[in-house]
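Here's a solo chain for you in structure tokens, the form predicted alone.
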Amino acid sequence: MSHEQLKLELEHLPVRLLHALAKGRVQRHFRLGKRRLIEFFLSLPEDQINTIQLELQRILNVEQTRKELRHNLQAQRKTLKSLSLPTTSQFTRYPSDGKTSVSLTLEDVLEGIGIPEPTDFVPDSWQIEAVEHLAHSDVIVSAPTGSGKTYVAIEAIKQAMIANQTVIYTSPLKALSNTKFMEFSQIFGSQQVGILTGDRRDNAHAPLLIMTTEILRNLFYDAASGEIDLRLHTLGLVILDESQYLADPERGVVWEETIILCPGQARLLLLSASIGNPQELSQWLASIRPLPCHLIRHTKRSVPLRGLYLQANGPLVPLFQTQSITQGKGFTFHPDAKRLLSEYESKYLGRR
């Protein structure tokens, strides 16, 4: 492959794949744009360019495999639609309140489920707002699962690392900490990320450290008792994932002490999908911390929830009268689900 052919292939790649090629070759490659990455690849010695070409071919093969999988899934969904499934059409249709007729079927509920077509990522306004406020305040992000809280964390980490600050990312579980360690190592490079848990200690002096909340609380304890850890002098950002654990009867005290003991120069980013009283939490943080606290509340689910009811003897019907579960707005059972539930109660619960 000539340089011109290689350049064309690289120009057709999305930026995320160019960063995958640059990983391990360019320090802080995530700061470079597409043009500079391509210029870097083309400036490499001939033997390294050959290696780039091999890796590029592997990436293209993987992308082609993904496209084929998406195509196969679409074909399978079409096949499923043609199968004779136990649907609500088998049952007598009843109006829910005497006014509204119900036309929702099982096919309606299942429609659209699958892997979406890839599109260019555009951050939402609330994500941009959260990142901007982290420059001068603590931030609480209360948003549904799958809505993009991790994007806020990644952008905040980038800003802190550019400023040569240490970042600590905590989670309540070792398994989640290990997952984030692997995820962030792919994004920022393995030399930039370390992990500290009860049974694992890797690259402990990296600028981005992943740990459980208990480990961070203990680190703050050591600092408060005079056993200063040098990492705290450069600490610029602390991210507390799953921060709804503040309300846990047994472990909540760990999150409270971590927040109280967090150095004043470091900004706090709290992430959660299920904080019941984020406004009160924001006011509490602002009262005990030297920084103001900005609350981001995003309620729209990017990935909608859908409800189905499966009877023990086989029928599968919509659970509610709407395709997706509308949180916080109440719900009405689908007449077919209501009838099946009544049959179950009279058959089994009525005998007790």
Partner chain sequence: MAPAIHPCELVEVLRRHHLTPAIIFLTSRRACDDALEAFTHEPPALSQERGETIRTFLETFSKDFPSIENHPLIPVVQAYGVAAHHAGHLPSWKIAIEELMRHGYLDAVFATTTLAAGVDFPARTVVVTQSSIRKSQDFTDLTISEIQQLAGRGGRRGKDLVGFVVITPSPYIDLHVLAKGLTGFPEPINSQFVVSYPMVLNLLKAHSLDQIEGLLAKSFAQFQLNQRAEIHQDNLDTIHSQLKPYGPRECADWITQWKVFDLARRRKSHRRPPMETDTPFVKACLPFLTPGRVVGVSKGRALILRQYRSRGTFTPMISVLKSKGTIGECHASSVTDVYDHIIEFQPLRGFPWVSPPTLTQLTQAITQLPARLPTVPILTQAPQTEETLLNDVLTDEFACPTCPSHPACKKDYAMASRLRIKSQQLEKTIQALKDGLWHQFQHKADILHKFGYLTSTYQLTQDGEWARLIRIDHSLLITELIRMDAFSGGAPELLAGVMASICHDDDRPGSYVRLSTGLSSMLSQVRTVADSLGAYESPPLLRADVAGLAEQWIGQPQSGWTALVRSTSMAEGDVYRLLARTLEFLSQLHGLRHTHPGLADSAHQAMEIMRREVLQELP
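Numbering follows the first chain given and starts at 1. Given the structure is predicted, the values throughout are model-derived calculations rather than measurements. Definition used throughout: the rigid core is the maximal C-alpha set that superposes within 1.5 Å between two forms.
The protein also exists as the form predicted in complex with the partner chain; that form is not presented, and the subsequent description refers to it.
When the partner chain is considered in the model of the complex, Arg301 lines it closely, a heavy atom lying within 4.5 Å.
Taking non-hydrogen atoms only, Val15 never approaches the partner chain to within 4.5 angstroms in the model of the complex. The partner chain is not shown here, and in the model of the complex it never comes within 4.5 Å of any heavy atom of Pro263. At a distance threshold of 4.5 angstroms between non-hydrogen atoms, His133 is out of contact with the partner chain in the model of the complex. Proximity to the partner chain in the model of the complex, taken as heavy atoms within 4.5 Å, picks out 179-187 from the listed stretches 232-240, 156-164, 179-187, 133-141.
The partner is not shown here, but in the model of the complex the stretch 265-286 reaches within 4.5 angstroms of the partner chain through a heavy atom at Ala273, Ser274, Ile275, Gly276, Asn277, Glu280, Leu281, Gln283, Trp284. Relative to the superposed core, Leu291 undergoes a C-alpha shift smaller than 2 Å between the shown form and the other one. If you fit the rigid core between the shown form and the other one, you'll see the Cα of Arg306 move by 2 angstroms or more.
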